[in-house]
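Alright, here's a single protein chain in two forms, structure 1 and structure 2, each given by itself as structure tokens.
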Structure 1
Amino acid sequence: MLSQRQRSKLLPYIYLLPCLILIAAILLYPVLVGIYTSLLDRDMYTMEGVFVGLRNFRRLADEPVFLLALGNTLWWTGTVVAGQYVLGLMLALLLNEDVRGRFVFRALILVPWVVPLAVAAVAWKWIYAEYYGILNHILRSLGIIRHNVAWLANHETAMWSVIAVGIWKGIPFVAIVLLAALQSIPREEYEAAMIDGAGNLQSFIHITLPNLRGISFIVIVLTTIWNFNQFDLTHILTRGGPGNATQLLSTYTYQLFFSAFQFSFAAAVAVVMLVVLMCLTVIYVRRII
């Protein structure tokens, strides 16, 4: 039997154990397989593959799409994360207000998050459609545009159109998480500030924002990771087109892996993605743990 002391020393590990076992088996193990694969020459012809060192990484230079997709991915991730966070925060603040019917709004705004993405993407395609899409119809009747715009077919508009859908999809999640955080800010803090004569804006800056900091870090880090890896939206909406205008590293990896069956090269791209993401996020993570 363990002594009380030994037990309490082990306790943090015991609490973590189920989580760690699952993560090790279901996430860490395949990631390690992936990293190992990136050092082989495994593809559909050589399913076993032999060790080739960093050859796959050197090949990245030969594929102009890679750099293009990397640039697009940074652009996509930056704008989507920023859009989701800013709009999500605004929505959370609104939902936190003490008005009648807020419960209805809180439930309704979940829809973009919970609707099956493959179907929602189809609805978006129709909305964006050049000739019969409702977006052009509305903009035309408001006099904002004169001629129909092919939102997903023009190089100038395709990426922004996809980004808009990405932001749309993520707002509810950010809003709900931040709402939960807003709800746990003790009301006394605001009351004390009011007595001190602080206005709404001041309370927001001095009470709300600092209280949201911890959660905001987590939300931003996670939405960065998810959006960086998001592939199905673009895959369904444009398949990376027109040309490579909306090609992301995630869609590129998908094509390499599941259409071209170039397993090792796809894994090399994935490893690069992992490294880039780590650079982007670990700086933040170190501050919050």
Structure 2
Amino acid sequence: MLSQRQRSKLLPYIYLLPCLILIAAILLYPVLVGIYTSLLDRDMYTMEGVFVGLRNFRRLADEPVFLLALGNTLWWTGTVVAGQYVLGLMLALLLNEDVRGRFVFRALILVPWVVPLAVAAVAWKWIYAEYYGILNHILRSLGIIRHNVAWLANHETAMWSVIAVGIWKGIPFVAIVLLAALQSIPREEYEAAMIDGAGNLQSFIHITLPNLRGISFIVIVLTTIWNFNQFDLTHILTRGGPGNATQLLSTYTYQLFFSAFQFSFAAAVAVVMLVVLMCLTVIYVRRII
């Protein structure tokens, strides 16, 4: 028999048990099935699989589209995260100033964040349209371009166009989080620096940045996880084209599974993504605990 103290310690875990079972059924089971599938050579007609071990993973090193998608994913993630952080920090610094109507501006910057990603992607697809898009119309009116540009169909502009939308979508989150951190910095530190003759740049380097170090690390890790796993935006805007110019690991996995019906190989790519995301998640959890 358990003692009263032991039962009291066990009770919270009993209450959590139904939730843990639900999480395991919804999240853990599909992950385990995906890992198991990556070790098979599954037939698309019978769905029967032959165990092949790590053959699908060895094949990744010789697959040019996978290597291209991996490079695109790393470039996309690094560029978008850097753009979101730098522009979000600049916006947070502006909104932290005591200006008239700043509460209205703080509300307006949330618009890109609250708009559903699919809706935002469709809207930007119209904006980027070659013949009827407003972007080409504005640039022609300003004399910046002479002919319409196929932003999403041009190999040189497609990735940058998608990156711009990704940065636009994530700036509000970064700005709001950093703004909250800025408001927690004691004003006395800036006043003391001003008395000592420090300018705005020196105060930013020696006071603002050190106080933002912890929250900045968390923001960067979170946005890295989200952008590395990004699918909706690129799929709706370009579907990985033109010529795999915007192909990410997420869109590549989708195409392998639903278009090429290479279930096991798609599962292997997904497992690679899972490993990377798990490493980032461990870093994040260790930081916040």
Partner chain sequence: MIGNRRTKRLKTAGVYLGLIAFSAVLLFPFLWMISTSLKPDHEVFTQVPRWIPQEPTLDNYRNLLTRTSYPTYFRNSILVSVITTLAAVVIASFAGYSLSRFRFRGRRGVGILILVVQMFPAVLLVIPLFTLMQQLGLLNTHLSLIIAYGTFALPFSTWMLKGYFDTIPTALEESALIDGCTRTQALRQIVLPLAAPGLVTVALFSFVLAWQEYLFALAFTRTEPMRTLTVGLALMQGQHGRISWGEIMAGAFIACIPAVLIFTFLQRYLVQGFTQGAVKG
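By rigid core we mean the largest C-alpha set that fits within 1.5 Å across both forms. Counting starts at 1 with the first residue of structure 1 and goes up one by one along its sequence. In this text, all values refer to a predicted model and were calculated from it rather than measured experimentally.
- Note: the form predicted on its own is the second of the two, structure 2.
- With the core held fixed, the Cα of Thr37 is displaced between structures 1 and 2 by 2 Å or more.
- After superposition on the rigid core, displacement of the C-alpha of Phe66 between structures 1 and 2 stays below 2 Å.
- Once both forms are fitted on their core, a CA shift of 2 Å or more is seen for Phe261 between structures 1 and 2.
- Summarising the core-aligned comparison between structures 1 and 2, the C-alpha atom of Leu277 is found to shift 4.8 Å.
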